[in-house]
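Below, in structure tokens: the form predicted on its own, a single chain.
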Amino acid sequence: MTKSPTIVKFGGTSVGDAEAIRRAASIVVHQANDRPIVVVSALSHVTDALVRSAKLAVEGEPERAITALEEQFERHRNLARNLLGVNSQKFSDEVDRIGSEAARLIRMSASEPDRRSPIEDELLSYGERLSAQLFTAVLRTMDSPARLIDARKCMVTDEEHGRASPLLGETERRTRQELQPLLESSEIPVLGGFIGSTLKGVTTTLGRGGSDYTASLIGALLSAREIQIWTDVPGILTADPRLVPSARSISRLSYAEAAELAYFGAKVLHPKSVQPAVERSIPIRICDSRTPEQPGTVVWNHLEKASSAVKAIACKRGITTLRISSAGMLGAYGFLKALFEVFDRHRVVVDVVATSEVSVSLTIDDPTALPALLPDLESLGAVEVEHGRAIVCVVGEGLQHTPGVASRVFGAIRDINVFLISQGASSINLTFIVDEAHAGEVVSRLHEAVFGE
């Protein structure tokens, strides 16, 4: 039987400078016998720079947008000279070509607004495409049989630019067609995450968390042994270390726990990226590329019983709460359907929901949608809006079997006002809303109450 591959994905900070790229390449070389498939993000800050330039083009400043990108292109050239030495010219030539192409696209975006979405996706794809090419070249300097693969030949998507969804049947067929022969000949495929193409060959991007999703989906389609997400933290932590310096790495999490933590603020893993692995029961390992000898966090459903009911505490800031009140709710049916049809029509994601007999309270994390959203909500009832909130989420599979957890949680913050509580929709989390100004103190107190530090 052919040995299953290992997916090795590097985030932007893990390929952020020459030293980081060398470390990442060494990790791949060390795993050569595990049939690695490498997925890389754009270098740190590159995608942000591309997004800013796209915005400048929309604002009618294409030449300023073009000039602003030159810093990032020069950064790639410098890295190539550092990492590849005398063999850097071919890559530098490719950077020059992409720089010229980016300038053309920026001018097109400014002058052809009807084509802006596909143009912007093409522009944003350059970060991953350059990163994958550079990483391949570095691996080859280490005598590694690396082969650059254009991810758009594997990842086939719908035409929803900016947040495209893969067409799974065609993506599986093409992924096997492109990658399986390389694995069988002991070559190491290297491809950029985040990007795909439509059936017509038009470049698309997968949206937030897209590189992790690429890694997870390829791993699922090829029945990978493990999906490794290499980043700049030692796995998933018990809390945000910026809020709780004593937060520690969690050795094992279930898929459900990881998804809840990711959705409610733990940014190491995007919730969407977990799903393909869940469906094929493939473990995901989150590791620190700066300390590759450490085991990191394994996300899988084959777990031993946890010693603590709570695994971690997540926090999501910048939350807006909405309360929709209507006497028409009392004894009526269809109100919730009408309410959520409004959010569906405006494509606004709701995080937390709580209901009473005459009102519904909920949270959103994108207040820019409010001007369009509020008139439709006001047709259903009175609407109150509160900004500057934060979601705090206490997560653990043991919550459903451990009495007294809520008492410990709310006892630790008895003097801090809680605006909304949600428990029961998921048996593994206890979620509530506090004023954003108190979020850090709340997480710190809860961590001490639960973990004793």
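Note that this is a predicted model, so its numbers are computed, not measured. From 1 onward, residues are counted along the sequence shown.
What follows is about the form predicted together with aspartic acid (ASP), which we do not show.
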Proximity of residue 53 to aspartic acid (ASP) in the model of the complex, heavy atoms at 4.5 Å: no
Aspartic acid (ASP) contact at residue 211 in the model of the complex, heavy atom, 4.5 Å: yes
Close approach of residue 257 to aspartic acid (ASP) in the model of the complex, 4.5 Å, heavy atom: no
Residue 42, heavy atom within 4.5 angstroms of aspartic acid (ASP) in the model of the complex: yes
Stretch from 102-110, 202-210, 215-223, 158-166 whose residues place a heavy atom within 4.5 Å of aspartic acid (ASP) in the model of the complex: 202-210
